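One chain comes next, on its own, written as structure tokens: the form predicted alone.
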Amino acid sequence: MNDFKERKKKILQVVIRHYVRTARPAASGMIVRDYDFPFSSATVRNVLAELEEEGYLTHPYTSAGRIPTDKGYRFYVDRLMEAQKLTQEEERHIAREYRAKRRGLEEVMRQTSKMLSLISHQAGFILTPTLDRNFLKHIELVALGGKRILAVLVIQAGLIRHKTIQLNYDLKRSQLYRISKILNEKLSGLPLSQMREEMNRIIEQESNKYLGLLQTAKGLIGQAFTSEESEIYLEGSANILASVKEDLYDYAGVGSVFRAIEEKRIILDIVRRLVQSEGVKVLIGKENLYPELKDFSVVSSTYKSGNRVVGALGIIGPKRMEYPKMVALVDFVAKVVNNILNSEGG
């Protein structure tokens, strides 16, 4: 009995690997011939029929070979997939790319989605950390003219976020300098989520000539940095089309996933759900909940700032993907982003 179960697992594994590599169904004769199975074609055919009856395989049309179902892929990922690592050259390449770039938050996010896309040949994404989950390192306010101010926020590890603010009043450069100095003295080292509350406390206690400036500073903080929504950086959506162009069974779903990616709304919702738990996750087909992604999989991992999960990154591609390689890639890049966000001294 155990031998039979192992045989079924082996045949399921072969069907999935064959389909991932060729985008073609696996038939019993091909399995025996090409994969050196010590069983007859009739024996393999019977096993394929059982796997189909149990919901692990299906066939796209009459008398064809079998292809994996979502249940088959899930069993493969959870029980049959062998752990894989990136090559040393791939790891060195990723490290070099990050070292070559400045550490502005936007640049790190952009570089991450690009790196995931280039190596996976799929669509790469990263959800930015919401600012209120980070700690303030430094604030700079710069006059741009025309009642516009550039607010520059430096958070952990020297990551930079900036935003242009349009005011309905003028502020002199000397006033901006004093406001920046006050903010850095009062707020440096605090979580951004506490900045407005701390400003309220300081204003209540303040009765000197800086009260007006503090009230102005509170307004600037509210416009620039608090309660800011996460953004999603997504690169390589065209890779999805290239990866499924020979896959006749998934091709019909390409239009739907392109619409989902273009809107980003669906992708953003899925990724926000992924932030709720740590580690690498694989969502296959209908596990994504949205019909637009029923023919696609999402491989993702969370990343941290300190001990808290603050974002997620990963790849989107056809269910017929190299799961061991994708899991290894996403896991490694998440660790690199962790290191950048938590490095000492920025």
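Residue numbers run from 1 along the displayed sequence. Note that the coordinates shown come from a computational prediction; the quantities given were computed from them, not determined experimentally.
Keep in mind the form predicted in complex with the DNA is missing from the figure; the text below concerns it.
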4.5 angstroms heavy atom contact with the DNA in the predicted bound form for Y35: no
In the predicted bound form, R66 touching the DNA (heavy atom, 4.5 Å): yes
Touches the DNA in the predicted bound form: L289 (any heavy atom, 4.5 Å): no
Distance check, T43 to the DNA in the predicted bound form, heavy atom within 4.5 Å: yes
Of K304, K281, H59, K294, the one that lies within 4.5 Å of the DNA in the predicted bound form (heavy atoms): H59
Partner-contacting position among A27, L51, V310, M321 - heavy atom within 4.5 Å of the DNA in the predicted bound form: A27
One stretch from 295 to 303, 273 to 281, 27 to 35, 311 to 319 that, in the predicted bound form, holds residues within 4.5 Å of the DNA by heavy atom: 27 to 35
Partner contacts for 6 to 25, taking the DNA in the predicted bound form and a 4.5 Å heavy atom cut-off: R7
